[in-house]
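What follows is a single chain, given as structure tokens, in the form predicted alone.
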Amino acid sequence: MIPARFRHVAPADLGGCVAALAEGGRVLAGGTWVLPEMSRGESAPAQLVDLRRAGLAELTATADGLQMGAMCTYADLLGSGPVAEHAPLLRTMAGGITGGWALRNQATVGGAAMAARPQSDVPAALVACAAVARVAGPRGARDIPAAELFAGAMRPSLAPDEVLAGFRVPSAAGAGSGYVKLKRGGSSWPIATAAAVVRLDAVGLCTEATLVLGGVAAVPVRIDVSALLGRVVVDDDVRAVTAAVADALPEPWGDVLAPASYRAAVAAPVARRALSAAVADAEEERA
């Protein structure tokens, strides 16, 4: 039960959501973060602006990738042919989230991004996919690289009167991807995640390499793996570029799941596993 009174509005389009939010309140997407917080008395907004009727659940292929509305659920990602073709990393991420099918059918990608929780799967995966967010507000619409959505732990960079409308995701068709996370158990939130994308040319040389860590710092951390470019990548190369991952963390994140020192210690092996998986997947794509 939610202990405080609030007003609920569900505008029919994005413009209506922006107008409603100008009066104050909090955006409601899937509700899997917002409603439990309200039930526990941790948040008591005077108004909830519900996005469910605003037409923000589209998930379509474009000329160069995907257009994904903020209200797309994990189940939508898993059931989408265009996602499987153009953003397989997102599909892999969606298939392993904590919470099972109840959460996959309810929770939204946009809601997870705006929660900006270090231990969430979504932020690092969006950054690794080079997603670009479309944000709407009273001053108009603007595009933001996914990496710039996260100002800190539980602190999205949007202004209080702005709404996340969706994402544009460039195509990773033909590239390899790897996603690995470390958890205490099946029902645990991740302690550390690693998302990687690797593309090889016709003779096996690496032309693209991206590695992003989640959970180990307040915001996703991009690791420099440019040393792999122009090479036929072997295990020793992967080990070399991930050996000093802990040194790249601005400040390791600690919470009730694991102390910062543990997260720093596991960052390198998690990163290595994800990057190795991406290289292997890229080799299969090339074959």
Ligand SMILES: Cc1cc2nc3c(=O)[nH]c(=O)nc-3n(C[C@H](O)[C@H](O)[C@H](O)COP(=O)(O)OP(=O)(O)OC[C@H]3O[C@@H](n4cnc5c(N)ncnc54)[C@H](O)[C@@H]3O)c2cc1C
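Worth saying up front: this structure is predicted, and the values here are computed from it rather than measured. Sequential numbering from 1, following the sequence displayed.
The discussion below concerns the form predicted together with the ligand, not included here.
Remark: Trp253 does not count among the residues lining the ligand in the predicted bound form, judged by a heavy atom distance of 4.5 Å or less. Under a 4.5 angstroms non-hydrogen atom cutoff, the ligand in the predicted bound form has Thr32 among its neighbouring residues. When the ligand is considered in the predicted bound form, Ser177 lies well away from it, no heavy atom lying within 4.5 Å. Remark: Val225 does not count among the residues lining the ligand in the predicted bound form, judged by a heavy atom distance of 4.5 Å or less.
This chain is drawn without the ligand; in the predicted bound form, the residue among Val83, Val127, Cys206, Met114 with a heavy atom within 4.5 Å of it is Met114. Checking Leu103, Ile144, Ala151, Ala173 against the ligand in the predicted bound form, a heavy atom within 4.5 Å turns up for just one residue: Leu103.
Stretch 117-125 is the answer when you ask which of 117-125, 198-206, 212-220, 83-91 has residues with heavy atoms within 4.5 Å of the ligand in the predicted bound form. Using a 4.5 angstroms heavy atom cutoff to the ligand in the predicted bound form, none of Val233, Ala264 and Ser276 count as contacting. Heavy atoms closer than or equal to 4.5 Å to the ligand in the predicted bound form belong, across 61-85, to the residues Ala70, Tyr74, ordered by sequence position.
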